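Below you'll find only one chain, the form predicted on its own, shown as structure tokens.
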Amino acid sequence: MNYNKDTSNKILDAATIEFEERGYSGARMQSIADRAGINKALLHYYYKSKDALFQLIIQKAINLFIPNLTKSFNESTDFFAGLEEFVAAYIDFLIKHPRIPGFITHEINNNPERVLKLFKASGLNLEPLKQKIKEAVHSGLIIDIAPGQLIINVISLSAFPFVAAPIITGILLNNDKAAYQQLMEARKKEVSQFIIKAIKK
């Protein structure tokens, strides 16, 4: 049997949805096969086990998330411009991959050791970002804030609306999905400006 890239991609797309919706424990290989429009035997030909498929999916999610996470902030010479670029890039990523925050959050709750191991293996290094924050504090550019607190604030304000998308859409926006998309686009400026006002001296 020949390996077909289109079939492989269909399986990965189907598995991503299955894991995002049901988590690792609730996901079923038969359901993944059904979503991909193939039989279970063909699924096992491409991916031997649910665990192997899950490892690949969550690694793919992390790899999509990590590379540009701190790039704009680290490369910018202006602290506030870097913050604005960071938030915009992060929310742009979440708009393109809205299920990833919920998927990763679900797995953090169910198997934090697995997720931590994968994040460490991704090569994520927050030290340059933390150092920039310390320098901004030391120079009097921003208030005295711990780097970890600022990073958590940025990530939380950016990611939470995607984790809580059904509630936000259903309660705040009367199930208007177009309005939700507009709200998320607007958050690129809202989040950065809110944080800058809170920390700028």
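Numbering starts at 1 and runs along the sequence shown. Fair warning: this is a prediction, and the values are worked out from it, not measured in the lab.
The same protein has a further form, the form predicted together with a further copy of the same chain, not shown here; the description that follows concerns it.
- In the predicted bound form, a further copy of the same chain lies farther than 4.5 Å from every heavy atom of residue 9.
- Among heavy atoms of residue 137, none comes within 4.5 Å of a further copy of the same chain in the predicted bound form.
- Mapping the unseen interface onto this chain, residue 55 falls outside it, with no heavy atom inside 4.5 Å of a further copy of the same chain in the predicted bound form.
- Contact check for residue 120: a heavy atom falls within 4.5 Å of a further copy of the same chain in the predicted bound form.
- Every member of the trio 99, 159 and 183 reaches a further copy of the same chain in the predicted bound form with some non-hydrogen atom inside 4.5 Å.
- Checked against a further copy of the same chain in the predicted bound form, the residues 29, 64, 168, 42 give one hit for a heavy atom within 4.5 Å, which is 168.
- For the partner-free chain shown, 116, 119, 120, 124, 126, 130 of 116 to 133 come within 4.5 angstroms of a further copy of the same chain in the predicted bound form, judged by any non-hydrogen atom.
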